[in-house]
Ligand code: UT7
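Listed next as structure tokens is one chain, alone, in the form predicted on its own.
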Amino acid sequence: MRPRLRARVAGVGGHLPARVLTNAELPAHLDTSDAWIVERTGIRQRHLAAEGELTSDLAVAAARRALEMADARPEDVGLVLLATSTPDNTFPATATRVRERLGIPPGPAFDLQAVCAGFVYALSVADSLLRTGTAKSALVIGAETFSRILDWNDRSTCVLFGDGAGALYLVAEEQTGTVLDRGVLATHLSADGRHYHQLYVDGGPSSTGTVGHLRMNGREVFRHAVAAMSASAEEVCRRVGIPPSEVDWFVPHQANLRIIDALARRLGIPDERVARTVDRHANTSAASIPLALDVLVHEDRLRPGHLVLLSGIGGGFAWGSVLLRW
């Protein structure tokens, strides 16, 4: 095989706001219970950003930890790519603020918006830029403050989401060009706008001039999530020639335990190789996958050489998968 550049993961970091809201502490007017939420979603608690705590604050904290793990300095960072649907401001890109606060010298920085599929989209874009030599390293961050766009009178949505951030630090390295290489091995992205109104926010600068609130058709989201994510996961594995059942870790978007379990069954991946953090984090949208990776690393379960399959789906619908070797 010919040598090729790979985007190798050198560091991972996560950050959650200090405030924890358990199911038992949810407002009484929601007419729900811990048992009801756990049975339907697997969620037991979520973290909520404090007043004045911004998406950029969470992103900076997670990115710092990723750089520390990689023993990298701010001046080592080339690209900063932030996946988020809850930016600090409509513009400029929150990634520019993150870059400045980390003390990273001038260079490319931008936000990417694909909702809960945001992190796999961002990772795919970063991989492309590193493989082509556009950048030599990248901070890929997923960060959200979804609590700011929830309707706290709608129990069908507000109990599902939380705030947080996760980050990967990637470096471009020349490797052998085989499936034994460490780093991103293959990616797959897709979207289908026919399902735009199954999961969306009912506001925006050009439509209502307001931020709006999250709205969701849970039944349709569930049905499409399992089909789309499993097909995407199978496709990205097919491109490398490895069946999903042989990966060391499956790290899906953490939206609902039922979706995660259904995906694992369809892909033939044993329970002990499936990451599950939705019980403690709830759905943190673009942050959920890197947060789960951070948990696996710090629990000493994800180790160098492990084959890792990531998959996510979000509003739009947009979805995708990434296969990488840690």
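The first residue of the sequence shown is number 1, and the count goes up from there. This structure is a prediction, so every number in the text was calculated from the model and none was measured.
From this point on, the text means the form predicted in complex with the ligand, which you will not see here.
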{"property": "Candidate site 49, 147 and 278: all three near the ligand in the predicted complex by heavy atom within 4.5 Å", "result": "no"}
{"property": "In the predicted complex, segment of 293 to 301, 52 to 60, 28 to 36, 261 to 269 with a heavy atom within 4.5 Å of the ligand", "result": "28 to 36"}
{"property": "Contact residue in the predicted complex, from 129, 221, 109, 186 (heavy atom within 4.5 Å of the ligand)", "result": "221"}
{"property": "Candidate from 116, 80, 170, 123 lying within 4.5 Å of the ligand in the predicted complex - any heavy atom", "result": "116"}
{"property": "4.5 Å heavy atom contact, residue 40 and the ligand in the predicted complex", "result": "yes"}
{"property": "Partner proximity in the predicted complex: residue 72 to the ligand, non-hydrogen atom cutoff 4.5 Å", "result": "no"}
{"property": "Interface membership of residue 97, the ligand in the predicted complex, 4.5 Å heavy atom rule", "result": "no"}
{"property": "is_contact(residue 137, the ligand) in the predicted complex, heavy atom dist at most 4.5 Å", "result": "no"}
{"property": "Contact set, 239 to 256 vs the ligand in the predicted complex - heavy atom within 4.5 angstroms", "result": "253, 255, 256"}
